[in-house]
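For reference, the chain that follows is the form predicted on its own, supplied as structure tokens.
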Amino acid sequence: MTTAAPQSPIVSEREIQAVVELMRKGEISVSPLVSEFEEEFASYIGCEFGLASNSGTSSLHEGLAGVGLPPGGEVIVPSYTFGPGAATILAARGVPVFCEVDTETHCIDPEDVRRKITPNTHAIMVVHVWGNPCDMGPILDIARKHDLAIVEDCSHAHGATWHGRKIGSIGDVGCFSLQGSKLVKAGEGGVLTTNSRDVYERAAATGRTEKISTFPADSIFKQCPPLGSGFKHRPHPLGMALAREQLRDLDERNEIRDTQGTRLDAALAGMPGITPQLVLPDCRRVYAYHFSGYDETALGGLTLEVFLRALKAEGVRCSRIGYGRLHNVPLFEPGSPYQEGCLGTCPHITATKALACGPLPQTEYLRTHSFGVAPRFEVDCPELIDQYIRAYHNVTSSVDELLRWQVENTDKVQPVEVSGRSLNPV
């Protein structure tokens, strides 16, 4: 049996003190600290502008507005992502066009992006899923050829790099989540990064209208105060105080997490049936989450459900995957109750063409053939990694016994329904 993973405190004493200091000042709604965090985060990513918000979802909404998404503009986005991320396209008056992911990297498939481009395509939303950088070279080429914007969903990728550049600085705009399970935590929060003044001003005018007064005199958005676009995505300064302190330790913490995750993946790569997420050359992934592919044919037909139950019996904290279902959920399907409103009546949306863009066989394969390998290891714990390696070896070397159990208990091991969340613990 494995032991529980040792964890660093979710909120450190230094972070507690940063929050208490703001409370003592009475800065519980507005604080200069928010702008300081925005500048520091943008500098860390390698961008000129940073814009904090109350969630990663809000940052994606602002990012889409920032790249000038027009009504009915199509945004190509993987179905293999968190639902609200793609739903922000609808909130920004656009149309999500779901595309495939690569079954090795779990990230957007550039070839399918090419197939999904139409005269209405305005942007590509890439998702650096689980902290693994996408294949950005082809995506940049496609965007240049077709004059498309690139929105990076960096919710899992704080500190990851592609060819020496931080994720979030490669496309037109990067959007990060600061939710409590992410690598930089505000409890709830988000932050946007960009090198474009135009993108920044459009994004701020969408959800941070108090920023408009700071724009240069020649900004067209000077005409917008005090309402801007009518949204209020302003972050809570107490959350930003937490995030600011976490940012200062991000590289050190990533090094610890990545050392443990890389060592475990190296061991798992030699075991039948397990295919760790592929990291492309000259890329640095971060272990925000730890998922792997599963091939039952390499284990004699052992189903993923039985495999996961066996791992749990060994003490492994493993998970079922919730991603890869967005092209099948009612929100995006013609004829659903959601179509009674804007989706069904807006002349810009041709639902049968844009929203109904399945099937996606690679995505559908991955959603049933990938799983959460382990929790995030927040502290150096070589003995625990050894235990995880032994547990996986015990399961993969007991295939005959598990196959017999599978045959004898067929009715008891039907696939379990999962939510659209990233982690669905076994």
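Because the structure is predicted, anything quoted here is derived from the model rather than measured. Residue positions are given as counts along the sequence shown, with the first one as 1.
There is another form of the same protein, the form predicted together with a small molecule; it is not shown, and what comes next is about it.
With heavy atoms only and a cut-off of 4.5 Å, decide whether G73 touches the small molecule in the predicted bound form.
Answer no; every heavy atom of G73 is more than 4.5 Å from the small molecule in the predicted bound form.
According to a 4.5 angstroms non-hydrogen atom cut-off, is H156 in contact with the small molecule in the predicted bound form?
Heavy-atom contact with the small molecule at 4.5 Å: present for H156.
Is there a non-hydrogen atom of A241 within 4.5 angstroms of a non-hydrogen atom of the small molecule in the predicted bound form?
It does not: once the small molecule is placed as it appears in the predicted bound form, A241 has no heavy atom within 4.5 Å of it.
Although the partner isn't part of this model, could you tell me whether L60 comes within 4.5 Å of the small molecule in the predicted bound form, counting any heavy atom of the residue?
Judged by the heavy-atom cut-off of 4.5 Å, L60 is in contact with the small molecule in the predicted bound form.
Option from 259-267, 177-185, 208-216, 110-118 whose residues, in the predicted bound form, bring a heavy atom within 4.5 Å of the small molecule:
Among the listed stretches, the partner-contacting one is 177-185.
Pick from T81, S319, Q277, Q246: which residue has any heavy atom within 4.5 angstroms of the small molecule in the predicted bound form?
In short, T81.
G171, P133, G94, G189: which sits within 4.5 Å of the small molecule in the predicted bound form by any heavy atom?
The option sitting close enough to the partner is G189.
Can you confirm whether G85, V127 and Y323, the three residues that make up this candidate site, all sit within 4.5 Å of the small molecule in the predicted bound form, judged by heavy atoms?
Result yes, every residue of the spot touches the small molecule.
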